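Below, in structure tokens: the form predicted on its own, a single chain.
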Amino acid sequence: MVVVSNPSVEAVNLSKKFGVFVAVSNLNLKIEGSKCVGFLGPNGAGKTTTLKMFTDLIRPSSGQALINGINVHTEKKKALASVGTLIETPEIYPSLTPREGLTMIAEIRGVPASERKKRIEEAVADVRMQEWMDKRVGKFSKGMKQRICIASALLSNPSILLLDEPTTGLDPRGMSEVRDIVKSLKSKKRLIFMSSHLLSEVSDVCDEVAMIDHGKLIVYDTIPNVTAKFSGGGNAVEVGLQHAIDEALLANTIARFPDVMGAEKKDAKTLIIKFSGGLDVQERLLDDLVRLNIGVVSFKPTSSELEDAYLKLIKDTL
């Protein structure tokens, strides 16, 4: 394991052409620190091509892909020493068990023999597949296979995870399980750079978002900043609570906070609060809610607000 105190991924004038087709065009993007960043864009926007350049699966036509300041293409082994990746749809041989497949992968990646058993058990525990450790992978659902593939990316205990649409092709339960795993990995001081074309997924899992279309970066910022700047009309946040809230408190107090345009229940423990204003109002709103001691456990822009911003930004590039 390579310990990195402030992990970073950076594209410097990064471009990739396939003949006359420009897949990625002069991409400049620097992400650093322990967080989860969604790489958002429509199908064919250049997301997978970019991630492949960060892992040296393909070479850029021009520019540089840097991991922790190290050029991936000139110092590949050093640059990728602290990186775990899941690009497109790899699978472990169906005749193998997770233990057998991950042992083979750990050996290929140079994990010391004395540490392999522990690393494999930790990685499988991270993806909640302990009870399936010695079952044949061929009998797994697609979601279970994807969880084992994520475990393979964790074998070296990386400080950076590059995930390419990790929930693609999964049923709703499989998608939910993989998202929960990614959210749990955020607590382990890693930089997670995750491509997706699903707005709800990015809103649910990520702290920041980088939007790309036609191979060009449109915006990179926190999700609250993006929704505040680019969504139309008022803003809305989804507030998760530990316990169900009293109807009178919702109607007589929260709905009457300054700049609040409306407050309603999404379900027993989730509120949708609409408000006018930017991040300063959002900050004050969160502070006011916490002061009520109602058990706030989450506070995030609604996926519809991110959708408004996304559609506006993508439309502006057409």
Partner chain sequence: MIDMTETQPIFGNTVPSSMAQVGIITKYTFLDYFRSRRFFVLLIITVLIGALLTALVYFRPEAFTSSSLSPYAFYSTWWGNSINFVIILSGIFFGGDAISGEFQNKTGYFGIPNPIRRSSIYVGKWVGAFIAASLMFLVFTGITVGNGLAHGSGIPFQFVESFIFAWFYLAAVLGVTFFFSSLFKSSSISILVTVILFLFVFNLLGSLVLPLIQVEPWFIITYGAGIIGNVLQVPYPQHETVLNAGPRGGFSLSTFNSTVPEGLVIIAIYFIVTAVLGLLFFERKEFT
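Here the rigid core means the biggest group of C-alpha atoms that line up within 1.5 Å when the two forms are laid on top of each other. Since the structure is predicted, the reported quantities are computational estimates derived from the model, not experimental observations. Residue numbers count along the first chain shown, from 1.
The form predicted in complex with the partner chain exists for this protein as well; it is not shown, and the discussion that follows is about that form.
T222, E283 and L289: each with a heavy atom within 4.5 Å of the partner chain in the model of the complex? Checking in the model of the complex: none of T222, E283 and L289 is within 4.5 Å of the partner chain.
Review point. If you check in the model of the complex, is D259 within 4.5 Å of the partner chain, heavy atoms only?
Key: D259 lies outside the contact set for the partner chain.
Item to check | 4.5 Å heavy atom contact, G215 to the partner chain in the model of the complex | outcome: Because no heavy atom of G215 falls inside 4.5 Å of the partner chain in the model of the complex, the answer is no.
Is there a heavy atom of L57 no more than 4.5 Å from a heavy atom of the partner chain in the model of the complex? Contact with the partner chain, yes.
Query raised in the report: Is there a heavy atom of P90 lying 4.5 Å or less from a heavy atom of the partner chain in the model of the complex?
Result: Taking the distances in the model of the complex, the answer for P90 is yes, it comes within 4.5 Å of the partner chain.
Checklist entry - With the partner removed from view, which of 167-175, 240-248, 99-107, 196-204 is the stretch that lies within 4.5 Å of the partner chain in the model of the complex, judged by heavy atom distances? => result Stretch 99-107 is the one.
Margin query: Please tell me which of M129, A81, A236, V226 lies within 4.5 Å of the partner chain in the model of the complex, judged by heavy atoms.
Written below: Contact check passes for A81.
query: If we check the partner chain in the model of the complex, which of the residues in 257-290 reach within 4.5 angstroms of it by a non-hydrogen atom?
result: Counting only heavy atoms within 4.5 Å of the partner chain in the model of the complex, no residue of 257-290 makes contact.
Rigid core fitted, then: does T89 show a CA shift of 2 angstroms or greater between the shown form and the other one?
Comparing forms between the shown form and the other one, the T89 CA shifts below 2 Å.
| query | Core aligned, does the CA of I160 move at least 2 Å between the shown form and the other one? | reply | Superposed on the core, I160 moves its C-alpha less than 2 Å between the shown form and the other one.
Tell me whether I148 is among the residues that move between the shown form and the other one (Cα shift of 2 angstroms or more, core superposed).
Superposed on the core, I148 moves its C-alpha 2 Å or more between the shown form and the other one.
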